[in-house]
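Have a look below at one chain only, the form predicted on its own, in structure tokens format.
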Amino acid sequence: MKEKKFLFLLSTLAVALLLSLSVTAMAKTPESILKTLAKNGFSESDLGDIDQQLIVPAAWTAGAKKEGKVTVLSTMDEDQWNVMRDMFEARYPFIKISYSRASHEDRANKTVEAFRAGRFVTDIITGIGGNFYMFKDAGALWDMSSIPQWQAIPPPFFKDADHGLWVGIHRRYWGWAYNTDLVKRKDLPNTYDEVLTNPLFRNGNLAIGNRPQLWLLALWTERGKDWTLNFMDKLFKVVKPQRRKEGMNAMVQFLGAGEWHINVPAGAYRVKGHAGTGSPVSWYSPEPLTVATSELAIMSNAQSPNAARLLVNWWLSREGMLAQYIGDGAPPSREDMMKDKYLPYPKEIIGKKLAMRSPQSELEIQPLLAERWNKLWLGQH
């Protein structure tokens, strides 16, 4: 009798466990998602065990159905975001996304100010970067470590393993773009020290953008203060690059037109996009390869917390990462997607030592980096 009661109790607990999980994601992959994947050279096999990845507590799904919407504040262009929106809403038709693109000032500083004043701005925010500690100190962020796909993102550079307050949604590889009509890949240096002595970079052939935080911040983290300051000094005083005021995307356009031979910093995904249009440009990086991520967070005063959890879990799944990659070319932050087909220039990326910038480095190092950089940029040697 006791054994029967035990077995009954065990089966009851098993049923309860199954009922506690959402079966919404167990449905067949929507046809529109399969068409989007196929159009971009992917297939359902690229999703892996997507049914398992999208299992979440049933209470989250039930809550999300009641909320019916979720608000996102990010940096993607509208057409880039639309790819993600369409795929997510095909998977979760009971949730509508309200999306806004905003500047760093509006997205970070003003959101923290609004939170402190008791006002709601957004459920989900990305790209908080150096403002992370403002959000943390204000108690503005929700711990995401209970979200199932959180586990798929590797620490320490791509998530806040200590508190669960941010997670990296992609990998941004910042390196050097070059004009393939003017420069041969075999002639480019393999280390940053060689950049300072390679004649290819002299005589105005190198153009440099006013964005040191995109690459030198990571090098400072990896190589240290003395090496980085010395490299910067010699770069400006010995190599003497063109100092350009254009944005990084515009610089790649000028590069393709032959205005200069090489420019830095250049995002691999941006260069790949220009190369795809027929522009004679390509991308590479000396070692170490500088990497950044965009930090995603859920606001602690989210009005649609359940829908936000579902969106973040989906975003971190293979399906969400592919949607992001298709939308804006950003390589996935998932460790199991560090493969050729998900990277813009895999031969220039796989196997290289990484130098990573993080919210901590932006807080501690960026002011020191900016101080020296600004003097060099203005010619105040």
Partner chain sequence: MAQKSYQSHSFWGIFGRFQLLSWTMLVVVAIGVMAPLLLLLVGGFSSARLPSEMFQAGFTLDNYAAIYLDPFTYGLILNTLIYAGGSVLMGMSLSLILAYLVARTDLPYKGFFYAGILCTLAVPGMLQAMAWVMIFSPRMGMVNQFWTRVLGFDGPLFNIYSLAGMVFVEGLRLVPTSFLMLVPLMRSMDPALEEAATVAGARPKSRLRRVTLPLLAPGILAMTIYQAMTALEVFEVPGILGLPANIYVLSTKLYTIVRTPVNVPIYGQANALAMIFLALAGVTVYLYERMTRRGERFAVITGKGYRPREQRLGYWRYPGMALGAVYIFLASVLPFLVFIYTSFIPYLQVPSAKAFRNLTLKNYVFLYTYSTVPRTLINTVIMVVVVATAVTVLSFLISYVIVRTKFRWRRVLDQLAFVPHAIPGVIMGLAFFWIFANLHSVNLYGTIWSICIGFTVRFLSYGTRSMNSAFLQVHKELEEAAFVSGARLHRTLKRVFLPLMLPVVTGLWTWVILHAVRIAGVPLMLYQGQDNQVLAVLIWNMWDQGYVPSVAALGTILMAVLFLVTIWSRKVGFRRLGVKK
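What you see is a predicted model, and the numbers here were worked out from it, not measured in a lab. Residue numbers count along the first chain shown, from 1.
If you look for the form predicted together with the partner chain, you will not find it shown, but the lines that follow are about it.
For a residue to qualify, one of its non-hydrogen atoms must sit within 4.5 Å of the partner chain in the predicted complex; all three of Arg101, Gln213 and Gln366 qualify.
For the options Trp142, Phe254, Phe157, Phe231, the residue carrying a heavy atom within 4.5 angstroms of the partner chain in the predicted complex is Phe254. Distance criterion of 4.5 Å from any heavy atom to the partner chain in the predicted complex singles out Arg116 from the list Arg116, Lys184, Lys225, Lys96. Contact annotation: the partner chain lies within 4.5 Å of heavy atoms from the stretch 278-286 in the predicted complex, the single such stretch among 278-286, 189-197, 159-167, 87-95. Interface residue remark: Thr180 is not counted as part of the site for the partner chain in the predicted complex, having no heavy atom within 4.5 Å.
For the chain shown alone, Asn131 is a contact residue for the partner chain in the predicted complex, at least one non-hydrogen atom being within 4.5 angstroms. Although the partner is absent here, Lys237 sits far enough away that none of its heavy atoms falls within 4.5 Å of the partner chain in the predicted complex. The partner chain is not drawn, but in the predicted complex it has a heavy atom within 4.5 Å of Asn203. For the partner-free chain shown, Asp77, Glu78 of 53-81 come within 4.5 angstroms of the partner chain in the predicted complex, judged by any non-hydrogen atom. The Cα-Cα distance between Gly41 and Gly278 is lengthened by 3 Å or more in the predicted complex relative to the form shown here.
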